[in-house]
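Only one chain is given next, in structure tokens, and it is the form predicted on its own.
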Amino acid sequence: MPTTASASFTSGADGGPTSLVARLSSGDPDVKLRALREVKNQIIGSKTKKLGYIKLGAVPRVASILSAAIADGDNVVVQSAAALGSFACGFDEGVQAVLAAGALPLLVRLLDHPDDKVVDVGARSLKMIYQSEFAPKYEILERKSLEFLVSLLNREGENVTELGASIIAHSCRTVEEQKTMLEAGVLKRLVSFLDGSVGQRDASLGSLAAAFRNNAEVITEFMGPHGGKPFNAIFRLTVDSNPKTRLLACQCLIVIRNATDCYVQELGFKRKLVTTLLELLDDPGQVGDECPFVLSSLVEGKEDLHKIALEADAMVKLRNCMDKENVNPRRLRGVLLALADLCSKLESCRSTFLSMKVLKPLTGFLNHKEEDIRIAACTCLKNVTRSVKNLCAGYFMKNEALVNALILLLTDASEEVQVAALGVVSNIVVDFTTHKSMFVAHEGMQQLFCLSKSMVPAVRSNALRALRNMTFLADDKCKEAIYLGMTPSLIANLIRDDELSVKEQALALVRNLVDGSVGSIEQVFADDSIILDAVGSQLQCCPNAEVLLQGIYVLGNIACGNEIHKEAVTCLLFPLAGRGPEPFFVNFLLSSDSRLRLATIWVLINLTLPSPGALKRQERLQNEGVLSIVRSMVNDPCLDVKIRVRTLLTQTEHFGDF
């Protein structure tokens, strides 16, 4: 979308835009009226011209003309109101300019004008405003506002009733507002519009979707007494001759399905929604642009619908949309997100996706000029790269073009793009083969080190997640590279980070780093054990279970090391002889979270494995009362915990019969 008017547009020559805007302030009513008409006619369908006139200050002048003439029913009122609507039509900058000029209350006043033509043009212009996310929220819960809204729906004029429905679609957001719409009889009135004009049907469907969204109570309360008639009325519109109506009907039914199990659960309904939406993908206009987003909301997180969509060749049809020349960026973004949702669960969907040779164009979209497209491409790749089969084969890491494009995105100016790219990187660096070296060779690891220091918590957290995954089952060489790139003080500071997600990922990284050879464990004792101290501090004071879980597993892995390492863990858990273990350790053994109980038992198992100092540590566990707690866990409700408790007690059985 253009952000500046061209030099030729702003020319001050006679008859040019600057002169035309000046004539809007003329003292001659005829000159002013002609200028209004000309501005209105010039901006219709042209965002460039709308922006140009906005920059020349046309909107406040048009609003001023309307304010001065509002008491009259003459053509000046009609033309000025229509011009404001034209500025707002499909153009957010225009909506913002109209609102800034104070035109909204003026247009609302027109709804009570005695001249039907004035009322109609006022309603049409307000509709244009309320189709934008920048329109102010209408306070539905205020009594006078609700009464006014109901009065709009009960008017005769189509534009006025459509306006009322548009306001509901824009402003009905909370559960309380949805219930108010139900109790005031608004939903019943909206359903009656489903038999009205195309505009009334479409506005009604949008409003019903807003009133039903995530509210099973309102849906069942409204649908129930009417025997499903409202539902059937909506469903019939999925075969309407108007593409937009079909799309909105599908969208409304999807909202109902996502909120309650009472409707749209039958296989036939689901297939009908999928096939209708796939047909609408071919629409060349706005319907086709919005359709992928609606399809995405239908299949998101639902394996049964993924299978239905796969059987209906949804992958192929979405792929064909990507191949078209000059595809609308919004449509392309929707297609990528729909493909992402379809690849989020089933390996069969991912296999079909990769078999269509789509990885090359998808990699190209990582370099798209539109930020939203780059993010959507990353989202799609993130779900596709969950394929364990292809990760095992090194399918993604061997693709040098993909690796290079992702590393480039790690330096993107947009933090949202960086986070999205890190999501893909976190998957592909797991790579169970030996291809991680390609990522390192292209300085990918260096970029992760830099991003782990980012001021943005989401970037830090995701960079650490990628490093964590890179160290999964990694060899010592890979771990050494990470220790060289991240100082002990940096790792310790990340463990103590204010953000829980950063703490968790930093501890998970250390957990992987110390999972293996004695040499890799030794690194946590560098700089006076600053990393181990940070781990201990989090175990003592952090209330978050995910952080604690990673921290206790760090101790469990260190306890697999040599005698020095085992003693360090023992001293951390039992700092003073005869005083018992640290309170947090007892709390973990008695935790309601079976994962924490299991991880804590693993620490004790590793400390008591046969080794020169094992007997001394076993005696300490006995004397400090730990083993008595463990004995009480022999019938733990979690099978994994029960098994590991018995393993531990078997190792220490010489202390008595258990």
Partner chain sequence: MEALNVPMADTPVVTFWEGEIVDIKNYTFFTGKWEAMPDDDIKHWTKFPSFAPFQSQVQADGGKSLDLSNYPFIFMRWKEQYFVNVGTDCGLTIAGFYYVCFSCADVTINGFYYDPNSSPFQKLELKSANEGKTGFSFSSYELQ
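Keep in mind that this is a model prediction, so the values were computed, not measured. Positions refer to the first chain, counted from 1.
Although it is not shown, the form predicted in complex with its partner chain is what the next lines describe.
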| property | result |
| --- | --- |
| Residue contact check: L590 to its partner chain in the predicted complex, 4.5 Å heavy atom | no |
| K137, heavy atom within 4.5 angstroms of its partner chain in the predicted complex | no |
| Close approach of Q79 to its partner chain in the predicted complex, 4.5 Å, heavy atom | no |
| N606, heavy atom within 4.5 angstroms of its partner chain in the predicted complex | yes |
| Options 582-590, 556-564, 144-152, 83-91; stretch whose heavy atom lies within 4.5 Å of its partner chain in the predicted complex | 556-564 |
| In the predicted complex, the one of K127, K503, R374, K382 near its partner chain [non-hydrogen atom within 4.5 angstroms] | K382 |
| Residue among T352, N469, N75, S132 with a heavy atom within 4.5 Å of its partner chain in the predicted complex | N469 |
| In the predicted complex: members of 629-647 within 4.5 Å of its partner chain, any heavy atom | L639, I643, R644, T647 |
